[in-house]
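Just the one chain here, the form predicted alone, laid out as structure tokens.
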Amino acid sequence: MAARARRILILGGTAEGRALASLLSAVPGVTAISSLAGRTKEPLMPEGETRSGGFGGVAGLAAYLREKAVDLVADATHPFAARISTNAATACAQTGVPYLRLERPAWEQLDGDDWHKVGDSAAAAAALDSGARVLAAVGGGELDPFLARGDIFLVARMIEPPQAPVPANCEIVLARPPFALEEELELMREKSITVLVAKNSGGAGYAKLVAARMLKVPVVMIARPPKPAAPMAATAEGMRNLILASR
């Protein structure tokens, strides 16, 4: 009787998660299942099996791991998706399923950068000067602290339009990343941006920081939240190797 294929659950929704799914789909004896949060209506789909939506907390994820006989969880979620990472690590500990994390390196401040580092979006909004023209690259789910600041002009870039109305001092720019340096320079110049707010996500969004450096625009940089300890890789290739070595 042929051996059962190893079942790898990829907590995805990121470019790294899609890359990992592609790499694992080429490995004989491995079945990759990518789980997407389901917040984006038209997500970029990975290779292999997929599922969409939440699990229902730790208990729901633990039940899924048992029901689907998952052999390993590869957490390739966004660096700021702390809740799902914590839930995944807890569910894996409860079920005895190995938990690995794929996390791209954070950006580092370089000469010429003017960064003001803060801990979360609320602190970022509080750090803005009255009258600032702000490009907020934080995602639609964390705009509320900035929308509450009626004394700034906010340019918010997101993939899909918000469901709720936005105030007159906010302009929504719909676009899907990554963005070229020329696009970032054009946007900041066109909107007369005086400060950039960004999450330290790492990866392909670095062009906005280069543009800010070139235009001498200060950056309010939101630090990553803490995540559970786990064996880690910084690239999809590194994570594939970790997975294969864990046999």
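Only a predicted model underlies this, so the values are computations on that prediction, with no experimental measurement involved. One rule holds for the numbers: they count along the sequence shown, beginning at 1.
Form predicted in complex with a small molecule: not shown, discussed below.
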Check: Is K208 one of the residues lying within 4.5 Å of the small molecule in the predicted complex, judged by heavy atom distances?
Finding: no
Notebook entry, point to check: Are any of the heavy atoms in R51 no more than 4.5 Å from a heavy atom of the small molecule in the predicted complex?
Noted result: yes
Note to self: Even though the partner isn't displayed, in the predicted complex is R176 close enough to the small molecule, meaning a heavy atom within 4.5 Å?
What the structure shows: no
Notebook entry, point to check: Taking heavy atoms only, is T77 within 4.5 angstroms of the small molecule in the predicted complex?
Noted result: yes
Check: Which pick from A93, A127, A82, V166 sits with a heavy atom within 4.5 Å of the small molecule in the predicted complex?
Finding: A82
Check: Among 54-62, 180-188, 213-221, 22-30, which stretch has residues whose heavy atoms lie within 4.5 Å of the small molecule in the predicted complex?
Finding: 54-62
